[in-house]
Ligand code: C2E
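First, one chain by itself in structure tokens, the form predicted alone.
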């Protein structure tokens, strides 16, 4: 039996007494009894410093004297706070969105940003997301301020000892909701520290020249992506298997032939694989990378341009390289339905991909609004927490049962268009034309 999460605890920060009291009353009207208020950022940091686990959610105004919200976020990011954060402001929406991205860069759990005046309905949506987060995990533990530092020798040992494991994040079709693929995401099952996420060891592996071996384990190891693809295939489930490849791999001219042999040994077609390449990596040695990518495509291996929109030569790469998929970076996906600047980037991108006959993936679909917007905009594939989190291969079956119940409601939602602001619909119509 699953235990119920403890009632959420909220800290509200705003220098305007009326706004602060109104915010507290709104939270309490939603059933959140434990609401503490603070009129200054410094005072809030003192509370958090005394007990980093005291609050599950912090609601912070951006425009405050003495210490503004951006400075508060910077200090909060270096603290041991591990709960969630919501930013509130009456400033321009682009400022609010930039502040949200800054908070995310500080590794804070940002649930979103809200324009003033905040409505009860907006807080209700935040509360639902918070309750869901608390239900899926235990009470947040204290965040480690300085992440564990792993040496190259320890990472090499992990490769040899088979401690690297793949988690898989589902990818589904927007139009049908059908599961069509997964992205393999490596984790380190550390004998001492438990499950270690890639941001704590991938950089060291790259600096140490270990990425080729690590990639080999992820793709073709005993518990790698190819063998898992074959296991699903034997069970009657044929899925596209997306895997990130490093720049080190893209300078190995033997890689296409090696990959072809590994796919044959695993008993899966090369077309099962979709290799994700971050555009910025190609710039280091673009000629060799183009050679390798083209040979991969000749062998029917898919190649996806990952994090599209974050590099300095996006359209040059799209023109020159034989990409078979375009993956829109999460920074352009979440919240595009309400952000005119993001829509101005996303909609033409989808239009270009459609004209080039390149399928698109929206990475970072975090809520129903993201889903409906990109579905209406004509994007083909959805990936993100709204669909499913990265999970062990054995959990995909349970996830699929739950998703099949949800997707029927999403596809039958006759008011989907109403979820997209009217001002956006003209833009959507132009893209779909």
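Numbering follows the first chain given and starts at 1. Note that the structure is predicted; figures quoted are calculated from it, not measured.
One more form of this protein, predicted in complex with this ligand, exists but is not displayed; see below.
Proximity of residue 378 to this ligand in the predicted complex: non-hydrogen atoms within 4.5 Å are absent; the residue sits far from the partner. Using a 4.5 Å cutoff between non-hydrogen atoms, residue 68 does not count as a contact of this ligand in the predicted complex.
Within this chain, residue 197 lines the site of this ligand in the predicted complex, having a heavy atom no more than 4.5 Å away. This ligand is not shown here, and in the predicted complex it never comes within 4.5 Å of any heavy atom of residue 126. For the candidate set 244, 272, 89, 360, a heavy atom within 4.5 Å of this ligand in the predicted complex is found for exactly one residue, namely 244. Residue-level contacts in the predicted complex: of 159, 202, 82, 114, one residue has a heavy atom within 4.5 Å of this ligand, and it is 202. Contact annotation: this ligand lies within 4.5 Å of heavy atoms from the stretch 385 to 393 in the predicted complex, the single such stretch among 42 to 50, 385 to 393, 27 to 35, 57 to 65. Contact here is defined as any heavy atom lying within 4.5 Å of this ligand in the predicted complex, and by that definition not a single one of 122, 179 and 369 is a contact residue. Contacts to this ligand in the predicted complex (heavy atom within 4.5 Å) from stretch 210 to 239: 211, 214, 218.
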